[in-house]
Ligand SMILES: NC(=O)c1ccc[n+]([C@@H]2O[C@H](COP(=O)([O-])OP(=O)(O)OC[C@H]3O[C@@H](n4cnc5c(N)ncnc54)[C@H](O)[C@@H]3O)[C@@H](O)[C@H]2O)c1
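What follows is one chain in structure tokens, specifically the form predicted on its own.
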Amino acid sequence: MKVLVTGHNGYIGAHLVPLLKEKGYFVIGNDINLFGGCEWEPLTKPDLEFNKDLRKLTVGDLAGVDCVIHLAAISNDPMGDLNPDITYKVNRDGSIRLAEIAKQAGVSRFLFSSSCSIYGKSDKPDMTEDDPTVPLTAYAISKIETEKAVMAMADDKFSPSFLRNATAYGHSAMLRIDLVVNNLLGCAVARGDIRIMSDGSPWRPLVHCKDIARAFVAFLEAPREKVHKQVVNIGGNKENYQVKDVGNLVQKLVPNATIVYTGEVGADSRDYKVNFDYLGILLPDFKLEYTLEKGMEELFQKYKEHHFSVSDFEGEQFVRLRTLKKRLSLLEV
């Protein structure tokens, strides 16, 4: 079976490519390498590699592909807000076009990487897939609009699924520290303090980046009738945490680090807990490999192994927004 992974050199793709290859799939990767050089460990190469803007992929590029796993995107709220127009052109318009040419090429499965951030802010204790979405950012809006457009393409020959991933964290060969868990732990290791920019009260559903990659493999291997046109939250019910809880867990790992609530962002508009029951109903054999504590311990050991420093924390390599500001012109087409 041939699987095309977009964004294969990214934070999640760095886990997904080796998982697919270990299972014997022929892996085709496509990545514009917007963040080339940002890896801190060697990446596993796919069997075939394209270096194209996803908006320039052709029907011919997808010939013989059985499944597209679409990860590539301007990948979080701050980056999306840097240039909302480009975010919509890449994340929404580019994704919809990719689904269209995949369908034309005879690709039978299309797995879309969506996000729980589409829930935005909610007073409801546990958001399910059937609850109204409140996307607050260009990134979140691009995700929900893509879901709707690609869902409408589904038929007997083209089967899309939509994975609404919780907030990612954890070790990857393509490390990112612009994610709440990785950032707070990295700050403690590098600077000796744990800087929480809100009051710490907002809720976040959290999931290890490798578990997201594992979920895509599980959807790929699930019977078509189980996952056809399904929208599914990816994470675990016990993995909803307040930001202050994350800070406390960081302090357990780095006892000498002090927690500082800066309050510089004011009230965080993103505040939501998510229910993940449907994932367990749909794919009962799929279980998360990581708890937050296990994932943080692994990342802590990696920080120490790599001698993670203040220059790493304050530099461009591991903060996508800093790199993107210098390379945004690569996307302006």
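The first residue of the shown sequence is 1; numbering continues from there. Treat the numbers as computed from the prediction; the structure is a model and nothing was measured.
Keep in mind that the form predicted in complex with this ligand is not shown, yet the notes after this line are about it.
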{"query": "Contact stretch among 278-286, 61-69, 302-310, 34-42 - heavy atom within 4.5 Å of this ligand in the predicted bound form", "finding": "34-42"}
{"query": "Listed residue that, although this ligand is not shown, lies within 4.5 Å of it in the predicted bound form (heavy atoms), from Asn165, Thr87, Thr137, Thr146", "finding": "Asn165"}
{"query": "Heavy atom within 4.5 Å of this ligand in the predicted bound form - the one residue of Ala213, Ala99, Leu179, Met127 that qualifies", "finding": "Leu179"}
{"query": "Non-hydrogen atom contact Ala73 with this ligand in the predicted bound form at 4.5 angstroms", "finding": "yes"}
{"query": "In the predicted bound form, Asp271 touching this ligand (heavy atom, 4.5 Å)", "finding": "no"}
{"query": "4.5 Å heavy atom contact, Asp53 to this ligand in the predicted bound form", "finding": "yes"}
{"query": "Touches this ligand in the predicted bound form: Tyr11 (any heavy atom, 4.5 Å)", "finding": "yes"}
{"query": "Contact set, 110-124 vs this ligand in the predicted bound form - heavy atom within 4.5 angstroms", "finding": "Ser113, Ser114, Ser115"}
